[in-house]
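Here you get one chain, nothing else, as structure tokens; it is the form predicted alone.
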């Protein structure tokens, strides 16, 4: 029989919250003709400083597809397909790296930048509603706990 366990309860609660957050985000982005993964790519290219990837990794140059694949935890082939769709929608463009022409860098188009900007107000309102009742100190503490859990998982996964 499975026994009650605090560690398991915490991790399953994180999982449940993640599922609900993804479901909510899918509704939010689908109204704009995007998938959840396409949205995450766009906010990466917009260099959203809230993304854990940018907290861990410092980026001076525009991102490459391989970096996006690493951040999203998907294959390079999957990213290539997603990028192709976003380029067809004229939300991003690809260009050669200045120092190494074999490397392809990515950036938002003006249309992509405008889309991100148009979604920001609703995004912030929704985020505030989801964290309603938490004081700023509690939010900062919660973020530290989540970051520590993420570090532990990354160490286990190698």
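Every value quoted in this text rests on a predicted model; they were computed, and no experiment measured them. Numbering follows the first chain given and starts at 1.
Another form exists, predicted in complex with the DNA; not displayed. Remarks below refer to it.
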Partner-contacting position among 116, 64, 51, 131 - heavy atom within 4.5 Å of the DNA in the model of the complex | 64
123, 47, 104, 89: which sits within 4.5 Å of the DNA in the model of the complex by any heavy atom?
-> 104
Candidate stretches 33-41, 123-131, 108-116, 53-61, one within 4.5 Å of the DNA in the model of the complex by heavy atom | 33-41
Any chance all of 136, 152 and 154 sit within 4.5 Å of the DNA in the model of the complex, going by non-hydrogen atoms?
-> no
Going by a heavy atom distance of 4.5 Å, is residue 27 a contact of the DNA in the model of the complex?
-> no
Within 43-79, the residues having any heavy atom within 4.5 Å of the DNA in the model of the complex are 64, 65, 66, 73, 74, 75, 76, 77, 78
